[in-house]
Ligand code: PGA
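Single chain ahead, written as structure tokens, the form predicted on its own.
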């Protein structure tokens, strides 16, 4: 088959986005140019790679096979370029970083310091939920991933670099605010604002209460940590969030950390990549930077054993 790398890159973008318009924006090409390249690839393959049902497009069986080969070929080409770049001693390069939405409260500060040290580094930052991070690891579409608990059943290299305690929060005028040694069972009487299914924070919360033989009787689902904080501040209920998301609200006394026995939930932040992945120079430098210096660069609120000192 007479196929070009350009066609493979365009096809991979269309397949990943399942849309010609989104792919054209991502590649900074016109939509007709993207469509023409995909059509030429289909002609070379002798089979349709996409089918349209209603207003959406889907990969055909042939398209699925083409995507598997395209990613393998493009990964080898990118790896070759990265190897030669390393051999030339470049400190620049391209870093594809994917992080959990909660980590985005501190990752930009890490990136700012890192990019000051390595001004030639180019970084693509994808902020998403846990399920999409797992997909990025499975697809090898990210060089490094920052998230909470690493998944089981996936061959990864994962390093901890910072504590990630989950604390119970309320508005300052809530009846529990300012109380000491509140029994964990008391929380069953409260409405909790929780993250959506697939969120690492929600999974940790549900696992924690289950381990203590408890369940939350009343919950309200929210799509982000920001919406939970705003809801808690408005008096809709309590929340259980990473202390790293609360810096501004605690400083302004818009929220407070409750002194609950058995809390905080002790978790950690990890930086990880697929085992056997050949990291570029910029990815190796960033990983080393985060593991060795990440925690020291953060000015974050502390969460004591039972939340004391923060409420």
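Residue numbers count along the first chain shown, from 1. In this text, all values refer to a predicted model and were calculated from it rather than measured experimentally.
We do not show the form predicted together with the named molecule, though everything after this point is about it.
Point to revise | in the predicted bound form, segment of 153 to 161, 175 to 183, 193 to 201, 135 to 143 with a heavy atom within 4.5 Å of the named molecule | key: Single hit among the candidates: 193 to 201.
Check your understanding: Which one of 97, 147, 110, 121 is close to the named molecule in the predicted bound form, taking close to mean a heavy atom within 4.5 Å?
Key -> None of the others qualify; the residue that does is 147.
Review point. Which residue, 273, 254, 284, 267, has a heavy atom that falls within 4.5 Å of the named molecule in the predicted bound form?
Key: Residue within 4.5 Å of the partner: 267.
Check your understanding: Taking the shortest heavy atom distance, is residue 229 within 4.5 Å of the named molecule in the predicted bound form?
Key -> So residue 229 does not count as contacting the named molecule.
**Study point:** Proximity of residue 101 to the named molecule in the predicted bound form, heavy atoms at 4.5 Å
**Key:** Residue-level check for residue 101: yes, a contact with the named molecule.
Practice item. Evaluate residue 170 for contact with the named molecule in the predicted bound form, applying a 4.5 angstroms cut-off between non-hydrogen atoms, and reply yes or no. Key: Residue-level check for residue 170: no, no contact with the named molecule.
Review point. If you look in the predicted bound form, which residues in 107 to 136 sit within 4.5 Å of the named molecule (heavy atoms)?
Key: Result: 129, 130.
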